[in-house]
Ligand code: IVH
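This document starts with one chain, in the form predicted on its own, laid out as structure tokens.
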Amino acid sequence: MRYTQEDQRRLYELSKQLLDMSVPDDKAVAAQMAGQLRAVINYHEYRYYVLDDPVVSDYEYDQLFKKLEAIEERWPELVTPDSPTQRVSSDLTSAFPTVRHLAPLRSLANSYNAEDLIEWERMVRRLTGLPDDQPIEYVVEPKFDGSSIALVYENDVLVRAATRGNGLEGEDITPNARAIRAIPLQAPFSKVGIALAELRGEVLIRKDVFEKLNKERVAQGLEPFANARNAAAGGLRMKDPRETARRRLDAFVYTLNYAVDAEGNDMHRPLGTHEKAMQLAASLGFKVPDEGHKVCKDIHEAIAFCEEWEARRDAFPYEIDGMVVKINDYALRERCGSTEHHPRWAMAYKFKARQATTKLLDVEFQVGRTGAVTPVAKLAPVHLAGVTISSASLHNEDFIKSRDIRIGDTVLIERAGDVIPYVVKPLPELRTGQERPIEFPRACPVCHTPLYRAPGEAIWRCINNQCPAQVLQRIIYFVSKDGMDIEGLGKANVERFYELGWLRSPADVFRLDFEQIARLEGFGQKSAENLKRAIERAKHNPLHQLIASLSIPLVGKKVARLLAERVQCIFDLMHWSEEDFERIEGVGPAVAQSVKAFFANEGNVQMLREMEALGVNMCQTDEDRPATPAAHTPLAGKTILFTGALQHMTRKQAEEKAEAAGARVLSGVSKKLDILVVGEKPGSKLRKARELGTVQILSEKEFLELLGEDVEA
């Protein structure tokens, strides 16, 4: 279907209106609303599944779908054959031949909180007749934010790969799937009596690979991808499989959808549980969910695991937008059955929305501590990921120009974890003609010094080191947790003291008059004394902390520590050549030039001399010296990796123990790996390590005993 720009603007505005409306009690009004909901849902499915270019968030789409479901459930006679509730969403296009799946690939019903999951279990008990005191075992897995795929193996050979399509049919993308290294071209199903099998999975891109891919595209003058999901979906539909390979796609299998023997007898149900089916898939060489996977004894354990991963989602190496809770037992699944749209035995627990659409009202240009001028979008307030957003980053001038972002545009914004929200893209099809271009300034908006953009950089900078905005931001950073960590001297107090004329450089922090501070409204004698003690403590901070607090461009915590390890005193850096810097692994010529420029500025050296006179530590401490693990420890010089669920410690604690004992933690199984520590349900890493034959495999108990720690039974 083709939508004109006017159609798209009308359907978008109608979507927003419908989101604010409740399901009416009047049948005639409900019928009209149902027709509107079908129209906008069909449009949004086309944008999402066919164009890979959505204009509403997943959460907003789900809410529209739920309203239509509620109307049709209350008045079944209003259901139409073409209603989106009567089929799964389609991603069929004319670009690839269509093939029929061996078994339907249905969508999932969505939940957004613990109450939804508890209500779902009540429904399961009503459907199956299970009493409340009989626990139901669940499997919880990550809900990958990628592109669905169905893989068919016949006589152990991959014979077909297809997109999900409409759930019954999908697009044949076999040549492209063969270019994805995580998808086995052969798998020994015959060893377990399976002649024909269909597995369902997800194609996606690791976060770090996606970042590299976008950097490469920018370097080639190409438009960066808006998100990893679109990049993965587009990669599956490349005309040339070699282009698919260049996307470095990954693939997980999460369901054995169909399995029969040579006589056509079912080999799927005899496995008994989903967990056994996934263990079989892993043993056959498929990549299955490992991290973020758990078998839970009841719904409460499943809910706790979902909530744990919502808090940890940023640590996951792939984009996930929720968790999937599945009944483990196949026999119980059959008693639950399925609707045309979704199985009743599974439920998606969706994380809070990270994308939303809103209006770009204006742009402000802020000057940072290193002089970088950053455009900040001022937005019509919108609720996103649990907070109300009214500002978002626009990155830089090139970003604005490449996407043709204009004031007045409807824009898609995204928020990841606690990171500042940013504008992903405008929605030009919703323009009215009243939008206007964003004019990037050529002079500092604070001190009016002409801006400078270095060759190869995307950032315009104010080069006036004494620009009031820079000075203030440097002091704010100097006292912050990432700087000297002076408790009680936060951003608001720094701004207040700056306005009073008490702070004009970081050195002034150590000259503050605490009697004056005690007389300020909101302080008092006790608060002033607490602040004084915090500043006195900061004077004794290690050298690496001081270096990191000075706002030297390109010098963060890691580089600051590398420098502090190699000097007796901060002033030693004044005499270093570029070669001295570049001898340090991880420090390149750009860092060397930045540090040299900092010390070439007499004002910076004078500031450090003043701090030294005021009692601030300028020399290396014991904390600055690199720890040297004892050469006799069992892990000295070894590489190590952990897999599976650990019982006596978290994964992070285990890695810290290994590093403290002299080991280096790797990110995956390779020929460089010496030791693999295996917890419960280890997944594919264990199989790969065994195949190498050179990796020492330890249990968690053996690992702890190797470190000399007692392990309780």
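Quick note: we count residues from 1 along the sequence shown, nothing fancier. Because the structure is a prediction, the values reported are computed rather than measured.
Here the subject shifts to the form predicted together with 2-(butylsulfanyl)adenosine, a form of this protein not shown in this document.
Peer 1: Should P375 be classed as touching 2-(butylsulfanyl)adenosine in the model of the complex when contacts are defined as heavy atoms within 4.5 Å?
Peer 2: The answer is no: P375 has no heavy atom within 4.5 Å of 2-(butylsulfanyl)adenosine.
Peer 1: Would you please decide whether K425 lies within 4.5 angstroms of 2-(butylsulfanyl)adenosine in the model of the complex, comparing each non-hydrogen atom pair?
Peer 2: No, K425 sits far enough from 2-(butylsulfanyl)adenosine in the model of the complex that none of its heavy atoms falls within 4.5 Å.
Peer 1: Any chance E198 has a heavy atom within 4.5 Å of 2-(butylsulfanyl)adenosine in the model of the complex?
Peer 2: E198: no contact with 2-(butylsulfanyl)adenosine in the model of the complex.
Peer 1: Does T255 make contact with 2-(butylsulfanyl)adenosine in the model of the complex, using a 4.5 Å heavy atom cut-off?
Peer 2: Although 2-(butylsulfanyl)adenosine is absent here, T255 would touch it in the model of the complex, with heavy atoms inside 4.5 Å.
Peer 1: If contact means any heavy atom within 4.5 Å, which of 340-348, 213-221, 607-615, 633-641 contacts 2-(butylsulfanyl)adenosine in the model of the complex?
Peer 2: Partner-contacting stretch among the options: 340-348.
Peer 1: Since exactly one of S148, S549, Q355, Q470 fits, which has a heavy atom within 4.5 Å of 2-(butylsulfanyl)adenosine in the model of the complex?
Peer 2: Answer to the contact question: S148.
Peer 1: Could you work out which of L562, L168, V324, I400 is the residue within 4.5 angstroms of 2-(butylsulfanyl)adenosine in the model of the complex, going by heavy atoms?
Peer 2: So the residue touching 2-(butylsulfanyl)adenosine in the model of the complex, by this definition, is V324.
Peer 1: Pick out the residues of 137-167 whose heavy atoms come within 4.5 Å of 2-(butylsulfanyl)adenosine in the model of the complex.
Peer 2: Stretch hits, in order: E141, P142, K143, F144, S148, R164.
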